[in-house]
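Read on for two forms of one protein chain; each stands alone as structure tokens, with the labels structure 1 and structure 2.
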Structure 1
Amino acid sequence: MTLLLGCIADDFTGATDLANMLVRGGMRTIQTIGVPTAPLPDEVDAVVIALKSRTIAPADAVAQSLAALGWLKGQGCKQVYFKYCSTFDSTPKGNIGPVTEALMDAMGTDFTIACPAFPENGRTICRGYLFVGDVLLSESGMRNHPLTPMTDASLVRVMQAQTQRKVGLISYTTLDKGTEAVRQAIAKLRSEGTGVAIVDALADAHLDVIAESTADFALVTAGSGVGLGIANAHRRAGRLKHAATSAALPNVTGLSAVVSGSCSDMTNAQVAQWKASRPAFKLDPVALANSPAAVEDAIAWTKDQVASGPVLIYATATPDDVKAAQAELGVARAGAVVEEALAHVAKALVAAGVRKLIVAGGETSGAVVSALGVTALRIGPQIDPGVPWTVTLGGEPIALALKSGNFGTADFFAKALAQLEATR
């Protein structure tokens, strides 16, 4: 197997988000959970290795990313793509900067780009400032993120705090002039000693320009949006043999459920809409920490309910509730008890016959797929921008939709299940 594109993603839903974009562009794509240890199917254009490295210690994130890079090199990978969140989730210590530097050093390259833009989902970059919808990143719900609060919208400043390399900017005004102008800007930045360039993107057309301008790069770092540009470029060049069927998935039958741990604004809206007309069970982190029986109560409730129709088990809460739980338990423990509980619930759901499972939240998705022993996923059709259905490889198939916290419309949970039923 020789891969056109090998990707290293810093969380599970982020990996699925990128894989979704590649499939939309016509690339037959497999997502693995961690570095692969078993052979993958033939006729694959791209592999996305999902790590859980976004919020761990920088040294550990670097080590995991280099291990993934080693595997990709062994497959003869043509280009490597380091994928992070479209809201550039990180802290002044990392992990985007340290991982980027380590990959550059390992690949012997002195220059790369950084572009988390995803215009279709409202993530745009203008003169180096990241917008979420119509507001700056620092004014969005991400300012309240419990692990990676984003309080500065200037990506040049954010990235510069995380790397020893000089960080520059390629403006949308250059992108508007086309590929050659961007290549000239890259050459100028390199001559000035810049190692990483933040690249603006206001529309999908900019993603195509970025992809064409960096086609000969050994390493690209970005959110998922640039992945669509790269896939489009490969398709136009006639390199994709299975573009027409890249999103095809096997049929999966069984019960349905939703597990939600994200506390983003959008996931709160999605949970609220579901609760208005469908059964739901709330898990409280303080109760979970103080009484292991709280998990068993949730499992007992789901087993009683799920045979009659889809159910939601959630720990999604408002920012004030999250802060209160963190004040009592500590930030790390509050998150850990929720992830562990929801992973335990998901495992019990599958044991009870659930084969169609939606999981909301990157950390929650990582915990759930680990608990289920999932090692690889075939990527299927998009539900909402950045979120596709997937089906597990190996063993009895399970359909999974792994949703990043801020992604999807308010009716996402019901819409996703309806889409899967419609394709049966």
Structure 2
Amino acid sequence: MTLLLGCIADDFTGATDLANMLVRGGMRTIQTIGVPTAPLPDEVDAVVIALKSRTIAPADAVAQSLAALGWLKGQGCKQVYFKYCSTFDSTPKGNIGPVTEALMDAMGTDFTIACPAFPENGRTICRGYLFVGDVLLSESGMRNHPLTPMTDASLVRVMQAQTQRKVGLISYTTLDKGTEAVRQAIAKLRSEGTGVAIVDALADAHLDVIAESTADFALVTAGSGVGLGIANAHRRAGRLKHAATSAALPNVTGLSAVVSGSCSDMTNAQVAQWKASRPAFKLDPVALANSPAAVEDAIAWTKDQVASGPVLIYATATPDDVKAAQAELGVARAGAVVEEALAHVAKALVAAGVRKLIVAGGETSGAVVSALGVTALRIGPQIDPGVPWTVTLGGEPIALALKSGNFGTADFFAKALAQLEATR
């Protein structure tokens, strides 16, 4: 296996987002849940190791990231990519800065870039300031994030606050001049003792320039956007012989189901649309907390129904209903009770013959994947931006679509199942 790119992602759905980009660019990509313990198939251009390190203690994030790096180095991978969120989710303590520096130290490199831009999704960087759509990061909803409130849009300042090395900037005016100008800017920053450069990106063309000018870097750090530039660069250089079939998945046959624990607006709309014409079973967190029989009822219902067509089992609820459940059980318990129940349901579904499973919710996906003992996924075609079909590796293959929060259109569930059928 010639691993062109080895990625370390700081959360699960972020890892899928990057993997989806790489596949779109023509790289055959596998996502692993945590550091791989079993060998991976040979036919792969990129591996994305999904960690859960975004908001844990910096020392733990560093340790996990170094373990991932150790595995990637063992595979002889050509370039390492540290992937974080396009809204640069972090605090003055980290974890983007400390992990970046630990990787630089371990790889013996004195310079890297930081570029969370994802222009297609409205995340652009202009003179070092990160925009979410038309507003500065610090004016976006991210300023109120419960764990990583982003109250400063200047990425140079944000990165410098969590980094020992000097942080500099390569602005879009340089990117507009092309690869050679960016290489010169990098050489200049390096000679001045800068260790990390925030790089502007206003459009996909800038991502291509970034990828070309850092092609010989041991380490790049970025959101998922730069991944598309890197895949494009490898494809243009003729290194992706299987680009046309990079999204091909093995054939999976079996029953179909949807499990939803996301309470985002879009997931509420998706559940409502499904319920209007197809079978669905609602789980109530308070009932689940009060009686273990509640989940058994759901399982009995699904076993009864699923043989005759796809079913939905959901805890998805409106903000008022979520608040009511949280008031009764506490926020953490309400979440945990639902995640545990849906994980249990997912296991029962697979035992009943389900092999095509859609999961809505980032945390919910984590709980389901861990209950099913999934350790690696081959990434397939995109269903909607950020959400590809995948197939589990090791054990009996299951087609999984893991959809977080507000991703996907209102008809996502039926559309995703139809797309899978269409490729058969």
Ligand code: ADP
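Being a predicted model, the structure only gives us computed values, none of them experimental. Structure 1 provides the reference sequence; residues are numbered from 1 along it. We call the rigid core the largest set of C-alpha positions that still match within 1.5 Å between the two forms.
Remark: the form predicted on its own is the source of structure 1; structure 2 originates elsewhere. Of the listed residues V369, L189, S246, K83, the one positioned at a hinge between rigid parts between structures 1 and 2 is S246; the rest lie more than 12 positions from any hinge.
Treated as two rigid bodies, the chain between structures 1 and 2 differs by a rotation of the smaller body against the larger of 18 degrees.
When the core is overlaid, the C-alpha of A315 ends up 7.8 Å from its other position between structures 1 and 2.
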